[in-house]
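Read the single chain below, which is given as structure tokens and is the form predicted alone.
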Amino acid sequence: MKIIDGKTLAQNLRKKIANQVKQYSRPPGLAVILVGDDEASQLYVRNKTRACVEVGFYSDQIHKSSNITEEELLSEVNRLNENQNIDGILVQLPLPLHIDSNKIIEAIIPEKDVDGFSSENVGKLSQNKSFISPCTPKGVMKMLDSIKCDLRGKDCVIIGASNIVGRPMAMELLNAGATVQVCHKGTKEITHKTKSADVIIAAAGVANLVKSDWIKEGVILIDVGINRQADGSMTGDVDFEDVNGIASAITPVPGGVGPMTIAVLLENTLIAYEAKL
């Protein structure tokens, strides 16, 4: 079973970005807005900020109280939209319940929407005209490409239908010529779908959901899940030990899709920066 090493792929992409940045008089700028004190969100933001510094980006980390009003947060986004030194804007999700996340995401101008979540960027992806695509699905495509997986005609099953992973992932796979099924909580007899799949992308957020009796010999498994166990360890949506010897390739958790997501965020910021040159 081949392990698709996201850490190494991400490191190589960051090196490539850092070399490109050296050519420019002004560094690309990424602003990350964190609202509240959620520990997981704080960790993600720290990792993103560290990656920015590593490739030579200007990083603006903005931490707001959890009782910020929706209007105040919209005002902060608008300020960053107008800032010529900021090329990418990211609002760390989830936001407090009193704030409409969709309204905040839509307030980011598409040219600076480096998460690729805005209606305009998602719409372009669905028409195979993407300018900036959502980071995790785009990272998954790079990982599949790294093992020379030709997706044309492949049967692909996505477990999870979120706006962040499942739905844009389906568009990426369709654009690559795959046949795609998206499964979710309402899917009947899910194992009938997964057992015939050539590629499975697991993004349900359920620890060790996908086991050996869910898959066929030689399947490629992309594990997007990050689940914290009671002992503090981290596991994915795929039961790694159980599928070992059946799958032909798998992404590990940690060290798989996560590092690639952050590296692609940097790439999206560079794309946004270069579009203004």
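Just so you know, these numbers come straight off a predicted model, no measurement behind them. Start at 1 and count along the sequence shown; that's the residue number.
There is another form of this protein, the form predicted in complex with nicotinamide-adenine-dinucleotide (NAD), and it is not shown here; the text below is about that form.
Trainee: Kindly confirm or deny that 203, 225 and 258 each have some heavy atom within 4.5 angstroms of nicotinamide-adenine-dinucleotide (NAD) in the predicted complex.
Mentor: The answer is yes: all three residues contact the partner (heavy atom, 4.5 Å cut-off).
Trainee: Though nicotinamide-adenine-dinucleotide (NAD) is not shown, can you say which of 68, 62, 246, 209 has a heavy atom within 4.5 Å of it in the predicted complex?
Mentor: Selected option: 209.
Trainee: By the heavy atom within 4.5 Å rule, which residue out of 98, 184, 103, 79 makes contact with nicotinamide-adenine-dinucleotide (NAD) in the predicted complex?
Mentor: Checking each option against nicotinamide-adenine-dinucleotide (NAD) in the predicted complex, the one that comes within 4.5 Å is 184.
Trainee: Even though the partner isn't displayed, in the predicted complex is residue 116 close enough to nicotinamide-adenine-dinucleotide (NAD), meaning a heavy atom within 4.5 Å?
Mentor: Residue 116: no contact with nicotinamide-adenine-dinucleotide (NAD) in the predicted complex.
Trainee: Is residue 190 near nicotinamide-adenine-dinucleotide (NAD)? Define near as a heavy atom within 4.5 Å, in the predicted complex.
Mentor: Yes, residue 190 lies within 4.5 Å of nicotinamide-adenine-dinucleotide (NAD) in the predicted complex.
Trainee: Indicate whether residue 162 is a 4.5 Å heavy atom neighbour of nicotinamide-adenine-dinucleotide (NAD) in the predicted complex.
Mentor: It does: once nicotinamide-adenine-dinucleotide (NAD) is placed as it appears in the predicted complex, residue 162 has a heavy atom within 4.5 Å of it.
Trainee: Residues in which of 162-170, 69-77, 146-154, 125-133 have heavy atoms within 4.5 Å of nicotinamide-adenine-dinucleotide (NAD) in the predicted complex?
Mentor: After filtering at 4.5 Å, what remains is 162-170.
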